[in-house]
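Coming up, as structure tokens: structure 1 and structure 2, two forms of one and the same protein chain.
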Structure 1
Amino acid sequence: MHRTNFWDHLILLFGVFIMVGPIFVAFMTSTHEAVDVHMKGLQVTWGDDFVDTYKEVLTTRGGFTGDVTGARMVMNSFILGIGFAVGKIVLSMMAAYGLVYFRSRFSTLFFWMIFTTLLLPLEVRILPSYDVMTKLGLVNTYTGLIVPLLASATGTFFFRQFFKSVPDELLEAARIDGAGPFKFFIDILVPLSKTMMAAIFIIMFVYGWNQYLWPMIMTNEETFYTLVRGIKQILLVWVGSQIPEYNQAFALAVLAMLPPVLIVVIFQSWFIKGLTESDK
């Protein structure tokens, strides 16, 4: 129907250049020596320092107190990303199941209580949230890092929508076969939701991995730092030193973006499916 236009490709290539160029430059620069970067600016070619730089940021203790290594931050990021994604899926599937498949007096109330959480982002209640965490003694814990982020209902609505589209006949048949609520949930609904669960997992993992403000407030012990949370520390240390360790700063940035970017790129069809269906 349409002729492929030279200009279309040119605009797209330019778009790709703008979007991916900075990531490429960040990666290339991280493979050079700091002095090199200092003298010659950002790099677009492969340098000799790849192994040295990454070994250094992953294993050398850094930061203000010297307690944390890059490897530790990578681990913390994975704990936050996976913990958040799994928690989100478990909690929201259960809640959605309770809302869709049971008749109860309070389901409307529950629905609205869950619904309201969509209205206010964490950012606007950050100070009192911190207060609550102090009262509960959850500052500098993984629980404190992960669980409060789960207090939003995005996942519940997604699964609710999905469960509602599951044909009623399935439940009827299951009941005739004598399946109870738990059996129906585990043996029929969970397997049916696999694709949805995967899509949600990818989105939530990326979301959890990329959290910044909450970890910044919740953790002041460096051993709990995630990569994203550590970014500003990197920057502060970097600004203060004689010859800024540009290469190390970039290496940490690359480590911080690698897992989420890879996941989104590899699973893009699931990711897009989850994203467009959960929001619309």
Structure 2
Amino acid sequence: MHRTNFWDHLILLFGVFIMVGPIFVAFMTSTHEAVDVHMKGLQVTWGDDFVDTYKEVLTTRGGFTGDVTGARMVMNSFILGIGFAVGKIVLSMMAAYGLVYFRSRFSTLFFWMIFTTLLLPLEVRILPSYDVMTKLGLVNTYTGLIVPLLASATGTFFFRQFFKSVPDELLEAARIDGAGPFKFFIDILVPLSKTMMAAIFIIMFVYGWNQYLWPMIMTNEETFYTLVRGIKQILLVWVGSQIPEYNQAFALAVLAMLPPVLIVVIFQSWFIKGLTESDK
């Protein structure tokens, strides 16, 4: 038994090393000067440039226009991640509510029509989506960044399954008390769905935060750049004898990892409970 536990823990520690190792190297490299990184490669020891690097990344204006800072890119990423997650939850809950509680012989057909959109990722519909946003004048806007990402079946599927598990007695009791469809949704279903909402929020926030392709197409003004895209911009400054700010790129990479990690760690219990809870 003890030998089995030893090998189990050894395998788990090896997995932790594989996952955490690159993050550790990226963080340590970000504390060195760009010249040292360029000449010596990745670093695994603590450097002397930690405070200056992260202060410069967050506060110094840069880019081609000289108007963007790391703090602004962090804010843009938060707007995209939170806006996408909240919008997805609201839209998915309303769609699932209509499919489950507004009885129709076409409800199943409508659900499968929505569900098949999982076969059409953003990369497939990116050109028509961009064309629509351009005609609506939503390029270089937060609305244009968020709205096209809201349409998918993931959240609708989870909330539909959750609503179907809610006892019918609750609906009957609400009707007896004179509650209409809106009041039943707000006063009963929304409170019951808190753990599911938390689980979906975590998934969608991380998905929205890590978006790269869509923000790259929808924004050509640096003031709307997200943090993930900003990393790429730092590495595109090789001009003459000037070398890319590798330390700043790694610092941005570390900063880009922190919010999703903190969200998952803080709300881990809600996340697991929301996806596994069966007692309503």
Partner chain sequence: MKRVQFNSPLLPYLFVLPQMAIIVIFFYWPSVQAIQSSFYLEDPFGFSASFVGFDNYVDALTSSYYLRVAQFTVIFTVLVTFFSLALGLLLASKADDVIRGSSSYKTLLISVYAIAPPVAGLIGMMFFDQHIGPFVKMAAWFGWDMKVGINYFDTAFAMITVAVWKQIPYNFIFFLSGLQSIPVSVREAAAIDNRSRLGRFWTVTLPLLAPTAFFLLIINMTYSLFDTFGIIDVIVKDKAANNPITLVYKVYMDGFRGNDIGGSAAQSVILMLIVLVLTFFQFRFIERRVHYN
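Superpose the two forms; the largest set of C-alphas matching within 1.5 Å is the rigid core. FYI, numbering is relative to structure 1, first residue = 1. Small disclaimer: the values here were computed from a predicted structure and weren't measured.
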(message) Quick check: structure 1 or structure 2 for the form predicted alone?
(response) 2
(message) Does E221 shift between the two structures by 2 angstroms or more at the C-alpha, the core having been superposed?
(response) no
(message) At a 2 Å cut-off on C-alpha positions, does V37 qualify as shifted between the two structures after fitting the rigid core?
(response) yes
(message) Superposed on the rigid core, does the Cα of T141 end up 2 angstroms or more away between the two structures?
(response) no
(request) Report, in Å with one decimal, the C-alpha displacement of V265 between the two structures after core superposition. (result) 2.9
(message) Could you tell me the distance the CA of T108 travels between the two structures after a rigid core superposition, in angstrom?
(response) 4.5
